[in-house]
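Take a look at this single chain, the form predicted alone, given in structure tokens.
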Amino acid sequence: MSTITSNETWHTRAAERTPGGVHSNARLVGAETVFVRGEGPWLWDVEGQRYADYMLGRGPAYLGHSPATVLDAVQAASVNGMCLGHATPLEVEATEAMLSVIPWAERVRFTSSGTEAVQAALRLARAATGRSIVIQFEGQYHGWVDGVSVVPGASAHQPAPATKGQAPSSYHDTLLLPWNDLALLEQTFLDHSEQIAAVIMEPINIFGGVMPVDGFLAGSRLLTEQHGALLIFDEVVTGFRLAPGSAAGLLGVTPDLATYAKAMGSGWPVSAVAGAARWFDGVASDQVRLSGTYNGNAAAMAAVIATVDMTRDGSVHRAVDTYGRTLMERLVVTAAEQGVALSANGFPSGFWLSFDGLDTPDSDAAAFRLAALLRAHHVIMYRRTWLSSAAHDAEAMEFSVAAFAAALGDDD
């Protein structure tokens, strides 16, 4: 066990061996702080400093860090072998657990990351329709691989690569539209109807801080049905966080396929694509290839089963919502006391702050600056989004509100 207790030393050592000192570009912001432990709603860095955590690993730690029940289940399952390379009872039980809280779905295929689950959903849609084009929306995230990692291009509908190193051919079959513009979506279907395999969307863009406008989800559902395309909900963030299982029930719109990860596994790397049985035609016969060495591994399956068992009755979600709603209210009041007008939007388990009176870019910039100030006061969040967990309690609340007040004072 290392005796080094300096963030700077660890970060320097890491940066000499891996780009930016981290193994995901999403972690570049804040990489200078190196964490050694997470428990409940708290994180500790190598210097022993404690932080209230509202990032939660960017979503997985819905039950808090290191939940004992899930840890016990994973340990018990792992001793019999992690990857057996064949079907296991754990896979069956995890599938049944998933379907028990996603009543509109009939089939599940487990994968290992949200990006993989999205790629599986797109392959299923293209196989089912015999078409190639997929419609995405600006500001939404469906993974880092070529084809879905895009930003608006120079001409209407046509995307540009989000990063260097992407092959132009990889996003040739991607159309990128503004979010919440149903009329434009309809026109795009009229222009490309016989070519569109699917429309993929985050039904609620929690990390982007945007809700769907009234009628957009239902209108998208109707358009895909009319034109023979599939509707895919990317619920990697919203799934198991807004409700037990799918958030689709809250929204009143049922997709053809949906992807899940993050809160589904309480911190273990696991994801899934779920949907009606007919969309999976061809997978069992290997005409549609969906593979992965680590898919269905013992630890992941045990984590899914334990998470569903702990949350299926909704009581955990109600408790998280109570905490999150109180936090939203107290942050807004605390800001008002310092003469800052804020709005808290979204859901109690995943909300974002906006600065009243500022246009969206300026509000976002102010919120990102506030997030940096909060980190200095030992409260961590992702961009401008606050995620609540089942482990957040009264101590975390008071600590967080006090830090928020201090951070606002620093921004004067």
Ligand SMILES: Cc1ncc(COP(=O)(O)O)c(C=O)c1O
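Keep in mind the model is a prediction, meaning the values are calculated, not measured. The first residue of the sequence shown is number 1, and the count goes up from there.
A second form of this protein, the form predicted together with this ligand, is not displayed here; the remarks below concern that form.
Distance criterion of 4.5 Å from any heavy atom to this ligand in the model of the complex singles out V237 from the list I135, V237, A229, V320. For the options S113, T95, T334, T129, the residue carrying a heavy atom within 4.5 angstroms of this ligand in the model of the complex is S113. None of 213-221, 242-250, 279-287, 229-237 except one has non-hydrogen atoms within 4.5 angstroms of this ligand in the model of the complex; the exception is 229-237. Heavy atoms of G139 never reach within 4.5 Å of this ligand in the model of the complex, leaving it off the interface. In the model of the complex, P159 stays away from this ligand, with no heavy atom inside 4.5 Å. Interface residue remark: E202 is counted as part of the site for this ligand in the model of the complex, having a heavy atom within 4.5 Å. This ligand in the model of the complex is approached by G143, whose closest heavy atom lies within 4.5 angstroms of it. Scanning 252-268 for heavy atoms within 4.5 Å of this ligand in the model of the complex gives just one residue, K262.
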